[in-house]
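A lone chain, given as structure tokens: the form predicted alone.
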């Protein structure tokens, strides 16, 4: 394996591990636990699951895989805080969306070559990318893996 192939495999393995951890929580926690706050005055589990689901949905378009599958999640989980009065989808619906979005991401990820990961994502212009090639698709996976890990730490309190 080349160094680039090793780097991509390392990053994707970490990404898959974080997704597997969320999957384990989905199977392990009760509905009541998901509705609980991670700590007094903090986000609820259902809000964090919705937030992670909406972020992963956004990755579909950022990575150039197509259109988001569940844009209705954005206003509740990306542009509003927990307990803002927004109507949340049901927990069952969020779990289903989580699995659907990640299946879509994984199907596209499996088709990508090593070189594809070092191309620009859709949120950076060609001009900026020419000067900042680190703003590539692999960097999106790295940043989203870190983001997911942070929220998994919060969800552990449930």
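Numbering follows the first chain given and starts at 1. Every value quoted in this text rests on a predicted model; they were computed, and no experiment measured them.
FYI, the form predicted in complex with another copy of the chain isn't displayed, but the following is about it.
Contact check for residue 138: a heavy atom falls within 4.5 Å of another copy of the chain in the predicted complex. Using a 4.5 Å cutoff between non-hydrogen atoms, residue 18 counts as a contact of another copy of the chain in the predicted complex. The closest heavy atom approach of residue 107 to another copy of the chain in the predicted complex falls outside 4.5 Å. Mapping the unseen interface onto this chain, residue 133 counts among the residues with a heavy atom inside 4.5 Å of another copy of the chain in the predicted complex.
Out of the listed residues 127, 67, 115, 32, 115 is the one that sits within 4.5 Å of another copy of the chain in the predicted complex by at least one heavy atom. Site residues 43, 146 and 154 are all in contact with another copy of the chain in the predicted complex, judged by any heavy atom within 4.5 Å. Contacts to another copy of the chain in the predicted complex (heavy atom within 4.5 Å) from stretch 5-44: 6, 7, 10, 11, 14, 18, 38, 39, 40, 42, 43.
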